[in-house]
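To begin, one chain is listed below as structure tokens, in the form predicted on its own.
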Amino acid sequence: MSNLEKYNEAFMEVFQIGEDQLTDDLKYQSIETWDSVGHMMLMAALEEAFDIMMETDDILVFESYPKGKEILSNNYDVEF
């Protein structure tokens, strides 16, 4: 499974959404399930998927689907 597939899978499982909803418009609180609890569930799923421990600052600025890829690429050497 590619890193993009792992990333997408985390979003789809945590938020119970389809792949068609994984767009640059997907942002924190843009869907009902991406609330504060959903956000922490997503962070946990991504940490497990990529075997990383995210810094608090990164968790706080992880505000959208594209921003998350940027954070993982720049700070955790996850290549997409």
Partner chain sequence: MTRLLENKNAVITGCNRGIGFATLKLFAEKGCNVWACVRCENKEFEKKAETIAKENNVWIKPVYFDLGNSEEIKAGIKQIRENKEKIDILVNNAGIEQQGGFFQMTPMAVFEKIFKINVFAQIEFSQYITKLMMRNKAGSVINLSSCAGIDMTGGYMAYSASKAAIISVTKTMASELINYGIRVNAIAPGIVETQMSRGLTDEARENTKNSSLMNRIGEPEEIAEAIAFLASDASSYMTGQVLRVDGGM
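Computed from a predicted model, the values in this text were never measured in an experiment. Residue numbers count along the first chain shown, from 1.
Keep in mind that the form predicted in complex with its partner chain is not shown, yet the notes after this line are about it.
With the partner left out of view, is residue 22 within 4.5 angstroms of its partner chain in the predicted complex by any non-hydrogen atom?
Answer no; every heavy atom of residue 22 is more than 4.5 Å from its partner chain in the predicted complex.
Considering only heavy atoms, tell me if residue 13 and its partner chain come within 4.5 Å of each other in the predicted complex.
Yes, residue 13 sits close enough to its partner chain in the predicted complex that at least one of its heavy atoms falls within 4.5 Å.
Just to confirm, residue 17 within 4.5 Å of its partner chain in the predicted complex by heavy atoms?
Close contact is absent here: in the predicted complex, residue 17 is far from its partner chain, nothing within 4.5 Å, heavy atoms only.
So, in the predicted complex, is residue 48 in contact with its partner chain at a 4.5 angstroms heavy atom limit?
Because a heavy atom of residue 48 falls inside 4.5 Å of its partner chain in the predicted complex, the answer is yes.
Output flag, 37, 40 and 54 jointly within 4.5 Å of its partner chain in the predicted complex, heavy atom basis:
Checked in the predicted complex: all three residues contact its partner chain.
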